[in-house]
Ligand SMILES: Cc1cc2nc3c(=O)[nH]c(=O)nc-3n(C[C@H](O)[C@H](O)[C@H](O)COP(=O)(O)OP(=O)(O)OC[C@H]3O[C@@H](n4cnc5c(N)ncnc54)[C@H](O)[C@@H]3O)c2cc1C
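Let's start with one chain on its own, the form predicted alone, as structure tokens.
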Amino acid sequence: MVQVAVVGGGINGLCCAWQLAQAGYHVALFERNELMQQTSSASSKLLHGGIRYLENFEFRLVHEALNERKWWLDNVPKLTRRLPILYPIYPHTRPRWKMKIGMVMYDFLAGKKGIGRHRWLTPHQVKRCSPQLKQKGLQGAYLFSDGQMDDHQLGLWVADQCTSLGVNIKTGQAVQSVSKDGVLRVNDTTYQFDWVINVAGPWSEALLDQSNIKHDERLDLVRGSHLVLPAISKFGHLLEEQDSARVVFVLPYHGKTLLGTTEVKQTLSDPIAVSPAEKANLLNLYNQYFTKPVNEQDILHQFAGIRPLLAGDGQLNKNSREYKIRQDGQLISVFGGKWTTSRALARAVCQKITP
């Protein structure tokens, strides 16, 4: 039987192991810590196509993500749900006509996998959905739907699928190097595999570098921080920063409010933690939109994670959320990727081994 090693116990690594095991391979997964402990459990808890990616013309990615969104919602209903989201229009936001084009395109790309078409709400209707959203200057809001999940528990659900198919999950196993001929060095022990899948997320590039494998792919590592606040509405909100036009989510989550995310350049040696500046920026944005102000004393919890984005031109909010797959002999490396499309990414990896 063909032996495959998967490096990385985040959602992309787990989905790769799952798909490979379904295809009949003997799979061992190596994770240096515990499963779902880094980037994959520090998301905005959304299963979404990424309506804001349409401005970057990432139509293929959005279409794929919308298809995958529907799969997660249909197949794991205990850990996922449909979430209605408001996109309010003010004088400082993107104009209504522009957002209308985006909403129509979002519905079109979802096709038969859609979970509800968008509609326009008047200011009075918006107030009924979100009583604390400021009415001054409010022209109305678009209401659309995306999916919401418990990212950590959903990842562990995938791990259970792996285990049921015989995947050997090894936690606390730090991979020190990989090779193009399938050799893996783990905690100073060498293993030989037929294939090695490097899907270590933010650490994928670093693993190639420390293995002395030359490559041209580069990642921008971006810290995304979130704050957890008291509950404000049963509806989600997609809000724009006035200066940058970047969007931030304000979402109901487990009876509380999840506020995020930020986008700050990061290195692997930096602490993965919410900075005072990020905290202040998120609170300021929240207070710009809602009538009841909050401060640091209202923060119930906070967390941060690193997102591996394909390197761009310096504007982090413009970086592609696509993924790239590189093959060097018997070594396959994955760069980028987002939570929602983890199954699709895994299928693409599997096709590299079995065309």
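Note that residue numbering follows the sequence shown and begins at 1. Note that the coordinates shown come from a computational prediction; the quantities given were computed from them, not determined experimentally.
Another form, the form predicted together with the named molecule, is not on view; read the next lines as being about it.
Heavy atoms within 4.5 Å of the named molecule in the predicted bound form belong, among the stretches 32-40, 283-291, 323-331, 54-62, to residues of 32-40. Proximity of G236 to the named molecule in the predicted bound form falls outside the 4.5 Å heavy atom cutoff. Residue contact check for V27: none of its heavy atoms lie within 4.5 Å of the named molecule in the predicted bound form. Under a 4.5 angstroms non-hydrogen atom cutoff, the named molecule in the predicted bound form lacks S179 among its neighbouring residues. Contact check for I11: a non-hydrogen atom falls within 4.5 Å of the named molecule in the predicted bound form. Checking L156, A174, A273, M105 for any heavy atom within 4.5 Å of the named molecule in the predicted bound form turns up a single hit: A174. Interface residues of 44-65, taken as those with a heavy atom within 4.5 Å of the named molecule in the predicted bound form (partner not displayed): S44, K45, L46, H48, in sequence order.
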